[in-house]
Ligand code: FAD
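One chain comes next, on its own, written as structure tokens: the form predicted on its own.
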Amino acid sequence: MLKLIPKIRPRRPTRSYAAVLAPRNESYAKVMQSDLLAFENFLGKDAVQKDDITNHTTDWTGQFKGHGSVVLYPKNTEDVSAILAYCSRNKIAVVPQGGNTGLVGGSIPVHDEVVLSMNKINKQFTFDDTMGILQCDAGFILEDLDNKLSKLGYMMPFDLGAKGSCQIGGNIATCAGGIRLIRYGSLHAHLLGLTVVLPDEQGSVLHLGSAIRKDNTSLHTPHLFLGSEGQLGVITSVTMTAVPRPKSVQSAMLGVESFKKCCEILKMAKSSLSEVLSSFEFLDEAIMECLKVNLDLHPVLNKSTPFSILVETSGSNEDHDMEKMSAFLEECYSKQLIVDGVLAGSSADATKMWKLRESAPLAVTRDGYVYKHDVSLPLESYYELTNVMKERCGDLAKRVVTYGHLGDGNTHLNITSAKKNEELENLMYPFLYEWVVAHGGSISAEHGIGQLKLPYSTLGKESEERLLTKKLKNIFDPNAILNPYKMI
């Protein structure tokens, strides 16, 4: 019987990237006392915070630190409309902020922008448990929504490491991915409608889409805001589908000798596990060593292998699912695709397996500085990137590790060093992102552009597409007050 691993208290990591701090746009007005009084007038004094706002001006990694002038806490769509109308008329820049759990600085003020916090917009919740349609305020925390749905036999169709603090509005604005995408698809497959407030001088409120699964009567306008990173408007309400909560969840850890065999196992899992396959996660030998050294988390497999695969199935019949998973493991052995494998026999077994995968982001931070990357690639180039960067960084890097969502081509390549190293950074950037694009990949799979990747945001995108996004920005945000210095 595998033992549960004690909960590890996270330590704030230190990171450094080649992000470029944009100079302040002097066309934006500075927040004056008269503006603060105006905010207090239509929001109430308790909704205007001028002091002790560090939690809103610094991201959780400690990398992105802005100044911010004030934090506003609207309670509903009408409050958001009043804020954006006032700020647009007075040319005051605004940063929408949800749970502030991002990794690219998208929700952090760069200079003295007003922070519009969604923390208090979390009251409205309705769910149709026949059609599986959820309608809720944008400020709901993802885990809270999942717990509410659990009582009704459903769950959210995506799962994130930050689920205890990220908000559904921010999840939509960043088009969050996570570990269930191979089973349930991206949020594009689930979004039905949005309530959005535009940053124009009227604070226009748009009710987009509908609360039905099939509506083909217009452009699918809600999807313009999916992944828009707070550039076009502020999402205040979300309508989307949930999925039935599985009654049976099976987990297995596999030891694999080559990356080619990892891909063969994925192909076989899609065929043999088919309708119940819900996760296919990847960890290389370097991250397993990092977990052991930095967090005292040990492998569940008896044999050390270059690669580990974590497979999960979710279904409605435990006997059926266990039989399918067992048959899958036997087939992997018979075809000599794996050299070791363990099927979780209890929730404690599964917890230990998932603890390895979920602790990987924390483990690398214990090395000192960590350069985190979130890119997607065709599988033939997925691990080649790791090998290329190992050779390129050489002894300048303390560790080069890879973990990620192999099932959808998303790799989290992490390069660590004992301390900030400008020579190492110059070796990595822009080479790494140019290499990704040259091999048919994307420089951001699920974390977005934000501040971090703005210098490289044109890579892999046609100039016509970039021009189109700027035109859309001008239409929705005519005074360009929303989330400046980022993405677009």
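In this text, all values refer to a predicted model and were calculated from it rather than measured experimentally. The first residue of the sequence shown is number 1, and the count goes up from there.
The discussion below concerns the form predicted together with the named molecule, not included here.
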Using a 4.5 Å heavy atom cut-off, state whether S308 contacts the named molecule in the predicted complex. no
Since only the chain is shown here, I'm wondering whether H405 would be in contact with the named molecule in the predicted complex (any heavy atom pair within 4.5 Å). yes
Non-hydrogen atom contact M155 with the named molecule in the predicted complex at 4.5 angstroms: no
Would G203 count as a contact of the named molecule in the predicted complex, using a 4.5 angstroms cut-off between non-hydrogen atoms? no
Interface segment, criterion being heavy atoms within 4.5 Å of the named molecule in the predicted complex, picked from 336-344, 316-324, 91-99, 248-256: 91-99
In this chain shown alone, the residue from I287, L84, L134, A173 with a heavy atom within 4.5 Å of the named molecule in the predicted complex is A173
Just to be sure I understand the contacts: of P109, P74, G169, P199, which is the one whose heavy atoms reach within 4.5 angstroms of the named molecule in the predicted complex? G169
The named molecule in the predicted complex: contacted by all of G66, G68 and Y371, heavy atom 4.5 Å: no
In the predicted complex: members of 446-460 within 4.5 Å of the named molecule, any heavy atom: E446, H447
